[in-house]
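The chain below stands alone and is given in structure tokens; this is the form predicted on its own.
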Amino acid sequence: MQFGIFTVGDVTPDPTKGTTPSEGDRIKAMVTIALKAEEVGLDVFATGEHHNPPFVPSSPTTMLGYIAARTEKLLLSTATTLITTNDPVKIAEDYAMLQHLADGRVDLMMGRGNTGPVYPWFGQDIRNGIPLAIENYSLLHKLWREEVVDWKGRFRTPLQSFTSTPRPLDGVPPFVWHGSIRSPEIAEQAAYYGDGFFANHIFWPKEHTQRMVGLYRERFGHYHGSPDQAIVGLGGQVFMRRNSQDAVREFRPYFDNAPVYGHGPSLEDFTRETPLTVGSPQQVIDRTLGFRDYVGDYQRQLFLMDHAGLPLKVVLEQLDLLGEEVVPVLRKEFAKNRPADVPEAPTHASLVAAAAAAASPEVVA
């Protein structure tokens, strides 16, 4: 399994101090967090894509390219690439460029985002959200796999004898996850293409995640023969201190004032009804291991840890606990009783090897 963190890049006041970081401070803090993730032995750093305050990561490839130059092993991903409002041609070229700069340490997660006004900002209609996601990804998939593309669709001008540049590294496109909170159409899309499905797994009860992942696995089996070969990722949300009471006391004001779920359900209700875990490292371990009970063996676990105005110092302390005390245990425990035929999380090297094997099948005597 791959373990890592994802960030939404919010600029939120610290409710305990009344201070708010500048956009520049927040951007640099995200870079520091990514470097810390590699330092503590995590596998993945992922950033969202937003085009509205209070969020700053409007250009994921810029940020990830900078981080790539300062890291050696960390897999760089998006937590959302807006497939609905970005031009598929630009996505194809931007992420192929990033793939070359990062020596293949890149994948991306397609999504529709959570901000309705972004559609008219980029010349689209939110009522076309699902059709845009389907058509734009179909074109992106083709652009990465065909040298010369002729194409005509509903939402952009046609292409005639078009070649996106640069071509994907080693002829292999970045691995794609399709992220969704609530849309079965996106689970279907991920299954159809044989791509990964990432369940946000933050705001909804486990039963909802179970249904979405179950649908994806079922449809993956329909298209590709075996539900067990599906590639599943989950989000998660944690705050830790060595003493669980300290964790609850420290995190409560941040939870209560968070821009997304603040001033709503209580911290206790939210931790009971969703996968949010606030407590000791052992509580995080126990809760996370329980995810397998309702989604099966899966490939990627990402945690949200740097939101709601938490100071950078506190986030880095969280990463120390995650890397030193939580993830080593999760790696060991998730490996136990894992069926041999469950696929590993895709990497550029594994995708290149698979492509080579497909191009040179064994000759039967």
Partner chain sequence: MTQRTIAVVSGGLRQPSSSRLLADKLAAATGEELTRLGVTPKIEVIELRDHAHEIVDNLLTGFPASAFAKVVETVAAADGLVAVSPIFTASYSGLFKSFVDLLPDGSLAGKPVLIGATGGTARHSLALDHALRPLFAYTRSIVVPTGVFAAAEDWAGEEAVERLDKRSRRGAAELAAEVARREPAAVEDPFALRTSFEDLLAGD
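Predicted, not measured: the structure shown is a model, and the values here were computed from it. Positions refer to the first chain, counted from 1.
Below: the form predicted in complex with its partner chain, not depicted.
Participant: Counting non-hydrogen atoms within 4.5 angstroms of its partner chain in the model of the complex, say which of Leu75, Ala230, Ala96, Met212 makes the cut.
Facilitator: None of the other options qualify; the answer is Met212.
Participant: Which residue among Thr84, Thr274, Asn200, Ser280 has a heavy atom within 4.5 angstroms of its partner chain in the model of the complex?
Facilitator: Exactly one listed residue reaches within 4.5 Å, namely Thr274.
Participant: Exactly one stretch in 281-289, 76-84, 254-262, 121-129 has heavy atoms within 4.5 Å of its partner chain in the model of the complex; which is it?
Facilitator: Of the options, only 254-262 has residues within 4.5 Å of the partner.
Participant: Does its partner chain come within 4.5 Å of a heavy atom in each of Gln189, Arg219 and Phe270 in the model of the complex?
Facilitator: So, yes: the whole triplet contacts its partner chain.
Participant: Contact between Glu185 and its partner chain in the model of the complex at 4.5 Å, heavy atoms?
Facilitator: Yes.
Participant: Indicate whether its partner chain has at least one heavy atom within 4.5 Å of a heavy atom of Tyr193 in the model of the complex.
Facilitator: Judged by the heavy-atom cut-off of 4.5 Å, Tyr193 is in contact with its partner chain in the model of the complex.
Participant: Consider His208 of the chain shown here, and say whether it contacts its partner chain in the model of the complex, taking contact as heavy atoms within 4.5 Å.
Facilitator: Although its partner chain is absent here, His208 would touch it in the model of the complex, with heavy atoms inside 4.5 Å.
Participant: Is Tyr294 close to its partner chain in the model of the complex, meaning a heavy atom pair under 4.5 Å apart or at it?
Facilitator: Heavy-atom contact with its partner chain at 4.5 Å: absent for Tyr294.
Participant: If you look in the model of the complex, which residues in 54-77 sit within 4.5 Å of its partner chain (heavy atoms)?
Facilitator: Heavy-atom contacts within 4.5 Å come from no residue here.
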